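A single chain, nothing else alongside it, follows as structure tokens in the form predicted alone.
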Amino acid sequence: MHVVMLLYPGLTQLDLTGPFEVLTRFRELTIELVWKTLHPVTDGNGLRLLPNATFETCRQADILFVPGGPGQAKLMNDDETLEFLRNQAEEAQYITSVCTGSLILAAAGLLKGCRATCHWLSIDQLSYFGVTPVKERVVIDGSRITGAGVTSGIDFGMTLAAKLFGEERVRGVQLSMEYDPKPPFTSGSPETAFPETVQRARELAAPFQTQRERIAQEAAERLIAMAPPKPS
């Protein structure tokens, strides 16, 4: 099976590299990291990643994957990227994402009527696109598999791999990766973090989140306008 993983400026690299680390351990899979050009792509914190295919040269995906990150907002109205995703999705067996990558899929019209998840700060924006937001680590709805924020990418990768290759093999991969998380603090979700920690996180993110929400609303309006009229 062939995996097409979208790269773009301003992505969150762990959204991508977490699933990548899991999936590359299954030799039955080939993976292409795809962007508009082959020039290095810089993530939201300055890490440079190298595409190995472009929109024009990449193969048809069996598994289409979109990561999230601050650069997601610009892609919500990027016709070239959204059309590429729509074209790839037509024959893909699985259409997937981590973090705010689900908002990009939603803007392409690929999650309408589905259950999906997203980063906790942005999950409610999915509803603009006719998507049912679900606050779970990984959400499966038929051919759509979405992971929540950033670190859930490893959980997502293992969930997807278990569907493809079975639980026994994935247990072996989990052991080889020594994926045995024991975080030093119980602060990994708004449900477990101290209320003041959640409030501070919201305050710090507020300027960008306001912009992200406006862009999501605009993208949803564009998607509705693109829909063919219902027959009378």
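Because the structure is a prediction, the values reported are computed rather than measured. Don't overthink the numbering: it's just position in the shown sequence, from 1.
One more form of this protein exists, namely the form predicted in complex with another copy of the chain; it is left out here, but the text below deals with it.
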{"item": "Which of 81-89, 145-153, 102-110, 125-133 sits within 4.5 Å of another copy of the chain in the predicted bound form, heavy atom basis", "value": "145-153"}
{"item": "Partner contact for residue 158 in the predicted bound form: another copy of the chain, 4.5 angstroms, heavy atom", "value": "yes"}
{"item": "Distance check, residue 21 to another copy of the chain in the predicted bound form, heavy atom within 4.5 Å", "value": "yes"}
{"item": "4.5 angstroms heavy atom contact with another copy of the chain in the predicted bound form for residue 45", "value": "yes"}
{"item": "Contact test in the predicted bound form: residue 184 vs another copy of the chain, heavy atoms, 4.5 Å", "value": "yes"}
{"item": "Full three-residue contact with another copy of the chain in the predicted bound form, heavy atom 4.5 Å, for 118, 137 and 178", "value": "yes"}
{"item": "Sequence-ordered list of residues in 190-225 near another copy of the chain in the predicted bound form, where near means a heavy atom within 4.5 Å", "value": "190, 193, 194, 197, 198, 201"}
